[in-house]
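The chain that follows stands alone, in the form predicted alone, written as structure tokens.
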């Protein structure tokens, strides 16, 4: 039986496995599909700026096992593309997995700031990281009169930094009270000279107004030069007393991409062809944050986002499985692009297209964002037939209601 091995249990890896299982089912043929991940849960990373709870992740086994995908918990050691072999540490020992096709979907990691004291910073890039930040937030709110306890410095004014900054006062209200939330000082630091540097100019007035509305101090064109247990030092020497510094910038592809003798972009992502194949590594596909992929004919590439990881994962699983089944693969294209950004008490914003044309704001958009975050991006549920139906590359998940 042909072996399809998928590395990574995030959005791309999960959908690659499910779609591959569906293609084998539709073809009426057998295919050994195995997914390896260090975590038995899919972490819903787009929600990690929200108050911490178990619902920010979803178990993988209940969605994989009903469709015949084998799940292996383990730490991926290295990929030997020439031998078509992957080394995995699992169950206290080391195991080697051979494959006929491989989907690399190991996601991205947040790089530590290259400054003294970076170990004092928190992040919300992983479920564990979000848990550590939540514990820290609870701790400082118990001692609000301590110097720097109510000052929160957020590094990076991109998607995550803006969503976290605008949501901070609400989080403090939930954990403590409105009085402490009102006293809190939220400082958003961005080395670029504008907020949302990757979002373009059209949404910027709305972003700037939202940050003002929720009283976030924005420091543009500056970087941190040092962090310690009591605060941060900015370029130019300014000192901000803060017991909580959160880094929301600096993503790069998982270092496992370096195991492939392949072209990589500035973020460490493997450059793939139109079918998400790695040209210099026969039998290997890449998807999600591991892949630099073309999404349209206008020169745009996929972003490190759930919005791109899910369809990319489906296409990678579809193409890898169909090659093994002797069927035609399909070119990956995803020309439609939207952004739905949570702005905390200031509402939310929806844009469309790569020029980020603002489509709507306000409560309707806030409700849409809640639906996306709590329903649309979660794994499918139900019977085996329900999960296979949701894994159709041409289908829509979740189904319209």
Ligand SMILES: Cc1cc2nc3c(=O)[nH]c(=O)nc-3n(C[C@H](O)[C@H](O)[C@H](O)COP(=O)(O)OP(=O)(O)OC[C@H]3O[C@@H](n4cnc5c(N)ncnc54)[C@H](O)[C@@H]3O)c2cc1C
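Positions refer to the first chain, counted from 1. Note that the structure is predicted; figures quoted are calculated from it, not measured.
Keep in mind that the form predicted in complex with this ligand is missing from the display, and what follows is about it.
Asker: Which of 165, 309, 245, 103 has a heavy atom within 4.5 Å of this ligand in the model of the complex?
Answerer: Comparing distances to this ligand in the model of the complex, the residue within 4.5 Å is 309.
Asker: Just one of 234, 256, 271, 121 has a heavy atom within 4.5 angstroms of this ligand in the model of the complex, so which one?
Answerer: Partner contact (heavy atom, 4.5 Å) among the options: 256.
Asker: With the distance limit set at 4.5 angstroms and only heavy atoms considered, check whether 208, 344 and 347 all reach this ligand in the model of the complex.
Answerer: So, no: the whole triplet misses this ligand.
Asker: Counting only non-hydrogen atoms and a 4.5 angstroms cut-off, does residue 196 reach this ligand in the model of the complex?
Answerer: Residue 196: no contact with this ligand in the model of the complex.
Asker: Is there a heavy atom of residue 37 no more than 4.5 Å from a heavy atom of this ligand in the model of the complex?
Answerer: The answer is yes: residue 37 has a heavy atom within 4.5 Å of this ligand.
Asker: Given that this ligand is not shown alongside this chain, does residue 75 nevertheless sit within 4.5 Å of it in the model of the complex, heavy atom to heavy atom?
Answerer: Within the cut-off, so yes.
Asker: Is it the case that residue 20, even though its partner is missing from this view, gets within 4.5 Å of this ligand in the model of the complex, heavy atoms only?
Answerer: Answer no; every heavy atom of residue 20 is more than 4.5 Å from this ligand in the model of the complex.
Asker: Among 170-178, 224-232, 124-132, 209-217, which stretch sits within 4.5 Å of this ligand in the model of the complex, heavy atoms only?
Answerer: Residues of 124-132 come within 4.5 Å of the partner.
Asker: Of 1-19, which residues get within 4.5 Å of this ligand in the model of the complex if you count heavy atoms?
Answerer: 8, 9, 10, 11, 12, 13, in sequence order.
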